[in-house]
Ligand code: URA
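First, one chain by itself: the form predicted alone, in structure tokens.
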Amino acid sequence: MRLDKFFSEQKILSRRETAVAVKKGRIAVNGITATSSDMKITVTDEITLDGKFVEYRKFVYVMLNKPDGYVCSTDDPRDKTVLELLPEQLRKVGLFPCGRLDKDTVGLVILTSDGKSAHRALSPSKHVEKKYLFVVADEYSDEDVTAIEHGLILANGETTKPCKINRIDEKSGYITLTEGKYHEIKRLFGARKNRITFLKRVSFGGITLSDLPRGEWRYLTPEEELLFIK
């Protein structure tokens, strides 16, 4: 791979910008200042820009702790999108949210440029578990838990798959789903004459939301990447 192609594919510098950076001595390969933007490199070479290591990433995987008020979209004419919470450099690499959270739902969102793995993670046949912390307006009963866990027929005739509820107290708990119907959790409790007042996704396919502050992001760890692409 050429050095300028490396920076271009990482969406860090254009090929022309790479050539300028090389002339200014800003780029080094394995500790030696680069002299040509078309020099050949491999993904195992250590590349630095202004003394900072630049890691080659074929695909990018990001964890975001989504705040209220943002939509899980790459572009929206009315609302702020989760991409606006990322630095400009990351917005250039083709990231998109893997699955959607409602505008008023907070918590774990995975953004990636890996379309194949994202499609697989969202496929109903894969039964990928998504876990949410919920709070409802009114106390819910053991009968509500049993009905929701066994699957319900919603108002539009859709049938939900079995899920799991772990009660915290009379108005809160965790619910784990393996599907992602539109507003599913809200509709499940709505079918039991209750209303969700707070919803937060805390895990996706074994990847657990870390102690990121609300609105912050980080790259997935290598171990988390393996969970996502398996």
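Numbers for residues come from their place in the sequence shown, where the first is 1. Predicted model only: the values in this text are computed from it and were never measured.
This next part talks about the form predicted together with the ligand, which is not shown.
When the ligand is considered in the model of the complex, Phe134 lies well away from it, no heavy atom lying within 4.5 Å.
Put simply, His183 is close to the ligand in the model of the complex: some heavy atom of it is within 4.5 Å.
Interface membership of Asp114, defined by any non-hydrogen atom within 4.5 Å of the ligand in the model of the complex, is ruled out.
At a distance threshold of 4.5 angstroms between non-hydrogen atoms, Val62 is out of contact with the ligand in the model of the complex. Just one of Ile148, Ala118, Leu101, Leu85 comes within 4.5 Å of the ligand in the model of the complex, counting any heavy atom, and that one is Leu101. Listed stretches are 184 to 192, 22 to 30, 40 to 48, 160 to 168; the contact stretch with the ligand in the model of the complex is 184 to 192, by a heavy atom cutoff of 4.5 Å.
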